[in-house]
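This document starts with one chain, in the form predicted alone, laid out as structure tokens.
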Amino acid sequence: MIKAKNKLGLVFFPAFDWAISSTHPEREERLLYTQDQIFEEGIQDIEGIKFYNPIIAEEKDMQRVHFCVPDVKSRLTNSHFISVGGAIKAFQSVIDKEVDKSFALVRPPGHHAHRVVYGDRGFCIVNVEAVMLERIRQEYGPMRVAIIDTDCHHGDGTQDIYWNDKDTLFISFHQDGRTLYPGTGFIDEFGGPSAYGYNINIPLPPGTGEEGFLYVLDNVVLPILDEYQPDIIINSAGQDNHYTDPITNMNFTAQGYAELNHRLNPDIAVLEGGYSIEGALPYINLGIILAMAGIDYSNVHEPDYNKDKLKQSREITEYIKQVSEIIYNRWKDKENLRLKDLKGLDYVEKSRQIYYDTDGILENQVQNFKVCNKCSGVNTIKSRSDGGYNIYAITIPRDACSNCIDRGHKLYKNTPSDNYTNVYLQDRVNDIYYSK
């Protein structure tokens, strides 16, 4: 009998009652084909691999992370509560030392969900990894965490949530936003005033293959992780870099995904994108499961795998080397860059438009971050959607000093509700959430 080197927890939730449409690539078959594949391979019989059922996340879990407009229940389906609950269960199994690692194969996905939520964008409504992480922090205490997003699309929602939190290092390597949704994820998106340098984007050119992804991992991601020294590494495990994916333009393989996972060595992986339902996902997921369990994955290949056809061009290789050097040097020089870019500022303002592509909603938003020398600083969001909502949202961060706690509560109390459709306060210190 095969025995796993690492005890591995697996949580499956295909979400039978949620799909954008019956023919949309984000549907239940994304996981059903994987489920068939791993049972056919006998994964369930391997000693050291344990299956868990998801728990159901609570409304309060969403409120720690998001401002759902007008409220959580209006925006989420039961499947969203269970998908997030599956990730929470996967994380709990690691923290409680029942297993060494865990993989939450759940949907709907979440990494495009920002702090403010008006609807579905990029197939995401709530950010699964962020809600999972903040529930665990609430239950088990502070921890230094790195989220490594390997989805082909930039993890813009996760970036937004952890923009000003240096206890959560966010690294996303993805297809260049000039060529793919959501059109973000550039090198100069470097983090908020209290976490400048702790948001790292690595935009890659279309056609990037195994050589490019593994070069970035070895020469940027792993050196930064060695210096950051996180307590926990989370892989936001999108699988749409695959050469057969219908909505992206990369050349990654199942073997490459397994090798990346082996080298990254995450504590928890959470499934994100990946829409080659039959030709890629069953093989990628199998490779990741074997790699996380510490079992030989060298024979995991797609039926049409051809290494020569997928070879990365010399031009792409050289471009990735140049980009990697720039990004790593920026990380090393982050404190000098912070002093140069933020010197003398009391507040940092960030304005943007966000389009909810699935629901056809346009949002105009202004975020304002207080620069505080004692904590991350209270921050606010003014947001208006073309659906008629006009909101004001206040966040008191987890590490807030007494002055910022007082400032946040005064802002909420003194903001007249007749000026906005909704006013919210997220007090992360006391784990309370108010709305009016």
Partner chain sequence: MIVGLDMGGTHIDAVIIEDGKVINTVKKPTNRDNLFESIWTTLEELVSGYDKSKIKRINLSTTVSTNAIVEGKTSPVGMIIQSGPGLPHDFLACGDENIFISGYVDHRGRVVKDLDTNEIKESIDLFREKNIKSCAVISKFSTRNPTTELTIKELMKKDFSPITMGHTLSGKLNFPRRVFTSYLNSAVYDTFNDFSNNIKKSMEKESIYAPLYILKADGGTMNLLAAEEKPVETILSGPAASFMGLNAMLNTDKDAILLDIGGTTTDIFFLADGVPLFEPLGIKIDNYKTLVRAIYSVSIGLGGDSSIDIKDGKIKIGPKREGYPYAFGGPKPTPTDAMIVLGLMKDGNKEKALQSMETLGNQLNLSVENMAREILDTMGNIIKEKIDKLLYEINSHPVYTVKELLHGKKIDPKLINIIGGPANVLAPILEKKFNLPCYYPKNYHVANAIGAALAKTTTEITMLVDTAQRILSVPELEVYKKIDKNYTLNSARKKAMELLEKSAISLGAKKDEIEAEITEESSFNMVRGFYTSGKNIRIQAQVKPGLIHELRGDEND
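Since we're looking at a predicted model, the values are computed, not measured. Positions refer to the first chain, counted from 1.
What follows is about the form predicted in complex with the partner chain, which we do not show.
Please tell me whether any heavy atom belonging to residue 163 falls inside 4.5 Å of a heavy atom of the partner chain, as the geometry stands in the predicted bound form. So residue 163 does not count as contacting the partner chain.
Residue-level contact is defined here as any heavy atom of the residue lying within 4.5 Å of the partner chain in the predicted bound form; does residue 303 satisfy this criterion? Yes, residue 303 sits close enough to the partner chain in the predicted bound form that at least one of its heavy atoms falls within 4.5 Å.
Taking heavy atoms and a 4.5 Å cut-off, does residue 13 contact the partner chain in the predicted bound form? Residue 13: yes, in contact with the partner chain in the predicted bound form.
So in the predicted bound form, does residue 44 come within 4.5 Å of the partner chain, heavy atom to heavy atom? Output for residue 44 is yes: heavy atoms within 4.5 Å of the partner chain.
Heavy atom distance at most 4.5 Å to the partner chain in the predicted bound form, all of 23, 39 and 299: Answer is yes for this spot.
Could you tell me which of 373-381, 389-397, 30-38, 407-415 sits within 4.5 Å of the partner chain in the predicted bound form, going by non-hydrogen atoms? Single hit among the candidates: 30-38.
Listed residue that, although the partner chain is not shown, lies within 4.5 Å of it in the predicted bound form (heavy atoms), from 277, 195, 327, 146: Of the listed residues, the single hit is 277.
Of the residues 282, 209, 203, 191, which one places a heavy atom within 4.5 Å of the partner chain in the predicted bound form? If I apply the 4.5 Å criterion carefully, the residue I get is 282.
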